[in-house]
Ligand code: SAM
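Form predicted on its own, single chain, as structure tokens, below.
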């Protein structure tokens, strides 16, 4: 049965849900949260597996076909594979993806393969063990690299997400590009955003998408632009002769808002129709106060019909003009 078409007020299709299953993480990445961590939510404040299944089923009936599970770190949540099996069986969900830091992922790769996971995004900002420890404040580099190799070995499509941080991992940009020489993977370089629990690290963002591209092109003058998939957040490129490709995501510059097809739901059930808003609907509370699926659908449709045109408008509309400073761990990466 063909899924219905769902659109926002700017006639952008909505078919992609990024769903956070936990706000907890076993790393302390510089760009995501302060060194001391954040105040994690009590378990009772998170969506239960049953509530998540209900929500995904409801959204699938409205037109969502793609789901990406995020965190925090998804595998920190107990029995995550049980939830993945439930979501993969929801009628209308045609592809299920996962974003992970790779520390705890390796034991589940064969199960993910058997379930037909569509792809895995692996957070990896450096190929240097010491820099990894400095950025994440944890000594888990070998575990992450083992996960990467197992994903490739099991032929699960892999995208590496590397946040470009001034003074932290600039020396890793070209080695990460080189990862694509013999591996059929995509490496995406992401502008740093202020979602770190503290606010912007710099007065002005120096390493914009333009500077990242210029830096790579200087080292690889034959770099070729390749086609971007529909609704892609990345501008994609390839070094001729290399097996994989690279992408550059203007996450702070927000150049891709005009084709954005995604919504977010945080681990506590807060709907975000844009990464830069501060939450527009508490779905968890609607469920727990006895709202029917039809009533929740009406509230969702109202939110989709009032979606900001872009991330700058969403930021301007934040409650009481509160600046962007939340940890990405609480939002869902």
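Residue numbers count along the first chain shown, from 1. Quantities reported herein were computed from a predicted structural model and do not represent experimental measurements.
Below: the form predicted together with this ligand, not depicted.
Segment assignment from 69-77, 147-155, 227-235, 86-94: heavy atom within 4.5 Å of this ligand in the predicted complex: Contact-bearing stretch, as computed: 69-77.
This ligand contact in the predicted complex: residue 32, any heavy atom under 4.5 Å: Flag for residue 32 set to yes.
Heavy atom of residue 6 within 4.5 Å of this ligand in the predicted complex: Outside the cut-off, so no.
Distance check, residue 123 to this ligand in the predicted complex, heavy atom within 4.5 Å: Residue 123: yes, in contact with this ligand in the predicted complex.
Partner contact for residue 100 in the predicted complex: this ligand, 4.5 angstroms, heavy atom: Taking the distances in the predicted complex, the answer for residue 100 is yes, it comes within 4.5 Å of this ligand.
Listed residue that, although this ligand is not shown, lies within 4.5 Å of it in the predicted complex (heavy atoms), from 256, 207, 108, 195: Checking each option against this ligand in the predicted complex, the one that comes within 4.5 Å is 195.
Residues of 142-174 having any heavy atom within 4.5 Å of this ligand in the predicted complex, listed in sequence order: If the 4.5 Å heavy-atom criterion is applied to this ligand in the predicted complex, 142-174 yields 161, 163.
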